[in-house]
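One chain comes next, on its own, written as structure tokens: the form predicted alone.
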């Protein structure tokens, strides 16, 4: 029974941020309990599906090429968020990102050599060898070795908070009610993207067509509880990290393999067979995260990326095979689109393509002219049958509504004061930095940096 024990620190969540906090606090002498809602086989939250984190560095490293200055990193963040960010927290996170990979190495995480190919991230993002599952497995192994107590199938259902001070937590431990007493709390239980009812409150009925590519355990229960008990909210409930994924993916937990990277080399049409955005606006790592929202704004939240034979090997293969047609009209029939309208859209696009030098490795300026919306890079005629299509749906990774934190990861209360013993890390506070948009790998960077800070501050509090 958990109620018979008393811990220094309770950590809620079992992903990257939670484990960074648990390890850091334990290494500073705190007794730590981690409550993971998922069973052991599905532990790790959304971190299971990640591949990399974005790091600033002043010179080439063993896993990153060239350099990536703090200022360039911040400018990239401003570009994707439109300035909707807490600059102080953002700059601190970017600075601290320089120091995370050695810390991760020391705790068993391994990285693969810098990545080339279609993603163009060798300079900015360090990739985990074995992906996110290998990362969380390394952290869990390290946590267990160091004496962190981890309980699975344990949902925290309510926090006992008095005037911004954490006293304990009601939990459902393997299906039975229990209670955890701890001197301090780190909440790293993610957003509310696994809660379709809450998504519907924010997005309306269209949320029924969203696919959740991460864990189904992130229901936002702790977020609602904290906000109801005086935590200061942060962020917009309609903002989230959402990408275009294969519409044939499972409703939950399909993970990163369901993402489709063919968009820059395609034309994308909605179910009226009409294009609606510039598919070649920028390199894919800087634009892939806007396409979930773009598809969400289309009728019935469905779209189709259409290519011809010469584009088929320009992007990472999809986990699902493309739908094939010998002609555009045949392809339209298989997609249940109007064949005449799709044929008209393709002919109009082909007629607008200007002569250019196609280069899939960077912005090539191959464009259309006199077409609305324009395609400003990688525009080539669709003229080599057979033709292929991938159906697209919005794939939500995590939501941005969360709690407000300060530079010490302390949860800010509605009276403007920080809680003395409640801290937050990961997706539940990422909206402080990511007000909108997304920068590849930044979610893991925020989780790692704030997980470590939360662990340090929790240990400092209990050891004072």
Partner chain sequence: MSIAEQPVSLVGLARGLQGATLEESRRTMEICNACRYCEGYCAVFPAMELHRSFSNRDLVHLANLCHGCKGCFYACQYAPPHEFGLNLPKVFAELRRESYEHHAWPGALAGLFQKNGLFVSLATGLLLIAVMLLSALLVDPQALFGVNRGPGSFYAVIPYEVMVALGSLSFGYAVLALVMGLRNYWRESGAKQVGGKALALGLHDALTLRHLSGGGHGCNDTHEGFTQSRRWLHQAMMWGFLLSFASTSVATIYDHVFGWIAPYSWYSAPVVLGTLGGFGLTIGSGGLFWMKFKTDPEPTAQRNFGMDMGLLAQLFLVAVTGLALLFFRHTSAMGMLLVIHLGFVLALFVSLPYGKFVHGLYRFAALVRHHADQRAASQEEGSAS
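Numbering follows the first chain given and starts at 1. Superpose the two forms; the largest set of C-alphas matching within 1.5 Å is the rigid core. Fair warning: this is a prediction, and the values are worked out from it, not measured in the lab.
The form predicted in complex with its partner chain exists for this protein as well; it is not shown, and the discussion that follows is about that form.
You can rule out all but one of 314 to 322, 333 to 341, 287 to 295, 84 to 92: in the predicted complex, only 314 to 322 has residues with a heavy atom within 4.5 Å of its partner chain. Taking 57, 51, 410, 26 one by one, only a single residue has any non-hydrogen atom within 4.5 Å of its partner chain in the predicted complex, and it is 51. 112 is the sole member of 112, 158, 238, 209 with a non-hydrogen atom within 4.5 Å of its partner chain in the predicted complex. Heavy atoms of residue 137 reach within 4.5 Å of its partner chain in the predicted complex, making it an interface residue.
The shortest heavy atom separation between residue 255 and its partner chain in the predicted complex is within 4.5 Å. Although the partner is absent here, residue 302 is not a contact residue: none of its heavy atoms lies within 4.5 angstroms of its partner chain in the predicted complex. Proximity of residue 194 to its partner chain in the predicted complex falls outside the 4.5 Å heavy atom cutoff. With a cut-off of 2 Å and the rigid core superposed, residue 212 has a Cα displacement that falls short of the cut-off between this form and the one not shown. In this overlay on the rigid core, residue 253 has a C-alpha that sits less than 2 Å away from its partner position between this form and the one not shown. Residue 128 is not among the residues whose C-alpha shifts by 2 Å or more between this form and the one not shown once the rigid core is aligned; its shift stays under 2 Å.
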